[in-house]
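The chain below stands alone, shown as structure tokens; this is the form predicted on its own.
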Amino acid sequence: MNKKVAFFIFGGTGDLARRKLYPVLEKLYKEGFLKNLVSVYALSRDEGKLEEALSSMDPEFARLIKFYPFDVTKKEDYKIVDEEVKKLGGTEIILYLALPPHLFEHAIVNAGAVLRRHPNPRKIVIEKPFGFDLESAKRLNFQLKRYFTESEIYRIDHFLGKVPIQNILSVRFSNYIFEGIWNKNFIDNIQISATETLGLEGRGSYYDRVGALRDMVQNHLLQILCFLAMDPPAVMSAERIRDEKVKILASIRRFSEEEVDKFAVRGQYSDYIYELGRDSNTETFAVLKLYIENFRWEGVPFYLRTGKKLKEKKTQAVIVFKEIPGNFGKLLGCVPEPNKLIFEIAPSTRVVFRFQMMPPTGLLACTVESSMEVDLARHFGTEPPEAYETLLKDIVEGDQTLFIREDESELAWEIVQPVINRWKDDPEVPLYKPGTWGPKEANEFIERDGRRWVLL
């Protein structure tokens, strides 16, 4: 990377900046990828724990970090951005909004107005959640397009920086044995889960405004669905890949608020309101069933599940293939388990294929389920790079493949908006005990379809 770059990090002393951004930038700098990094501006109201973070950094990199007291809501504070950009000559400016979502619009409008006065190449990076609902997402996109072109906008979803998720496309499109059967003729259902054992962990005021649906389903899980369901692009380029994801989101069957109970279930762990310190109907668990109305996926349900304080921490996508024809099951005297292809994203990074084998008891005995698996770290002899490392490299290089486009962001909100509306004022939230798999309604929801949840 030969061009000069400078990062302006709004929220530069916050948790995200200290835990993720500075360590990754330091690593890329020490490895030589960011050898022409000019400065990292930490803009924040409070210097906070920045000094502590700087003390553990390589001194050469630490010297590049410059702290400025900064209130993102005050227009006069943006004078420092104006003054520093003047000093940077033709350096590329990367604005990184490591901020609470309600502050995004202040930063976009005020920083955008400043950069209009300078000829520097620029990019803006926005953390999720991108908006609070469809209306606010459209408003954010409108403000962004006033000051930046789409090629300068990087709506970040750190899940897409995870190698196991990117590997979904590799496994599909590089192996004809899978891509040839990746359709409604062979696949019965697809399950995408992101379950956690932790509760609020000090994020109560934020989480209670957001809930499980906005926090995980609208962004992370829908993005995994797109990777699983999209058609192969004609050209492996950022725009063509994003075109195919948009086609999937546009093809998902829409349902009305009156139909929500047929397609969604929510829950709240039983001690949530005590942990929060007030009454709340915010969901800490959500399940969505979606159908993609295109030739490849017609009739195949996609189950998206997420929740807090559940039995196990696990992020995975499971492709459940159809059962064998009934006549063969009668011949065996039992029905073999359907084949499953599982992409485990966390806590391990594995691809697992489950299939049937005959035990050593003789021909036509009931088969047993067996597994073949590839652990990515062991197989390739190295741990996959941290998600933010991949994404920050892509931002600097201008590769938007793993970032969310304007139409993509709005379509994702459009899908979940009826659920948001239905749940907003409904005080009846099913409760579940911490350490379980969620409310009983979640099991009933999938069992009504004659299916069950699959976990590694």
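What you see is a predicted model, and the numbers here were worked out from it, not measured in a lab. Each residue number is its position in the shown sequence, starting from 1.
Below: the form predicted together with a small molecule, not depicted.
- Residue Asp215 is the only one of Asp215, Glu344, Asp208, Glu105 with a heavy atom lying within 4.5 Å of the small molecule in the predicted bound form.
- This chain is displayed alone, yet in the predicted bound form one of His158, Arg242, Lys340, Lys123 has a heavy atom within 4.5 Å of the small molecule; that residue is His158.
- Stretch-level contact check against the small molecule in the predicted bound form with heavy atoms at 4.5 Å: of 143 to 151, 175 to 183, 200 to 208, 286 to 294, the positive one is 200 to 208.
- Taking the partner from the other structure, the small molecule in the predicted bound form has no heavy atom within 4.5 Å of any heavy atom of Arg253.
- Interface residue remark: Lys313 is counted as part of the site for the small molecule in the predicted bound form, having a heavy atom within 4.5 Å.
- Contact check for Lys162: a heavy atom falls within 4.5 Å of the small molecule in the predicted bound form.
- Although the partner is absent here, Lys308 sits close enough that one of its heavy atoms falls within 4.5 Å of the small molecule in the predicted bound form.
- Judged against the small molecule in the predicted bound form with a 4.5 angstroms heavy atom cut-off, the residues Lys128, Glu196 and His220 are in contact without exception.
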